[in-house]
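Form predicted alone, single chain, as structure tokens, below.
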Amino acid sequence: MLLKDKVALITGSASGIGRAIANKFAQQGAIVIIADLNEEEANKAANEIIAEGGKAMGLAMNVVSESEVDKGFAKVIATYGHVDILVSNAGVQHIDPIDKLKFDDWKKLLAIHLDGAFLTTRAALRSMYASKRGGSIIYMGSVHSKEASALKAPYVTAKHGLIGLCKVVAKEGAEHNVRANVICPGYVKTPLVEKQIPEQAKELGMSEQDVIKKVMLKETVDGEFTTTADVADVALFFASFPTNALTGQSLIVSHGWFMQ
């Protein structure tokens, strides 16, 4: 039980990577807060964890709303007293070449990834500092935090930005025993990625199978997608790490697509 009685709030965790992390944390004894834009799905996910013997609570949260984020954290703190772990996972994708990219689409994606990370980080730090329990903040980056791909300007920009935010949190949080890290997965076959396949096929003029083989998995060592379980294991590693030795660091989880 590496996370016994730790309170972990995970954004965008009703499905996909966030849900896998929630399940993993619950199995390790954490009280998991399923924070998601879709309240019904958040409650459903929380109830499924509870049914399996875990501890969880569903929470509606729009990460780009300052009031919703602060209200959500206040509810968690009123219920459990503090927040020990934040996983800033909520995200979207948008496929377009820069010359065709609408400013509204650029702003929307950066708001979800960066404004959402800032607002949830600020709320988490306030709790962590006040409780004097320390804590762990984990950002869901991407290989695109280190590398670039065509057609993904706002996503690549946002994911690079999370690296910078993480480093500042690591510096500021150290005296309060708060650690910060970024997980940088390769392509994980979630609904977000599955939606990209036909979009990229159309934009690049190739078949969906070729998008998978020649674009998404071309640079991996084994032609395999990263799994949600792979990412969840890394999240547990960071969340349970006992010292500041790794704070401010990012870890690439990509089947060798990008090596550093």
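For clarity, every value in this text was computed on a predicted model and none was experimentally measured. Note that residue numbering follows the sequence shown and begins at 1.
The same protein also has a form predicted in complex with a small molecule, omitted here; what follows describes it.
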For this session: Name the stretch: of 122-130, 74-82, 108-116, 166-174, exactly one has residues whose heavy atoms fall within 4.5 Å of the small molecule in the predicted complex.
Result: 108-116
For this session: Could you spot which one of A232, A26, V193, V215 gets a heavy atom to within 4.5 Å of the small molecule in the predicted complex?
Result: V193
Problem set entry | Triple contact flag G16, M140 and K159 to the small molecule in the predicted complex, non-hydrogen atom at 4.5 angstroms | yes
Exercise. Given that the partner is absent here, does A153 sit within 4.5 Å of the small molecule in the predicted complex, heavy atoms only?
Worked result: no
Problem set entry | Touches the small molecule in the predicted complex: L101 (any heavy atom, 4.5 Å) | no
For this session: Answer for N89 alone: is it within 4.5 Å of the small molecule in the predicted complex, judged on heavy atom distances?
Result: yes
Exercise. Given that the partner is absent here, does L37 sit within 4.5 Å of the small molecule in the predicted complex, heavy atoms only?
Worked result: yes
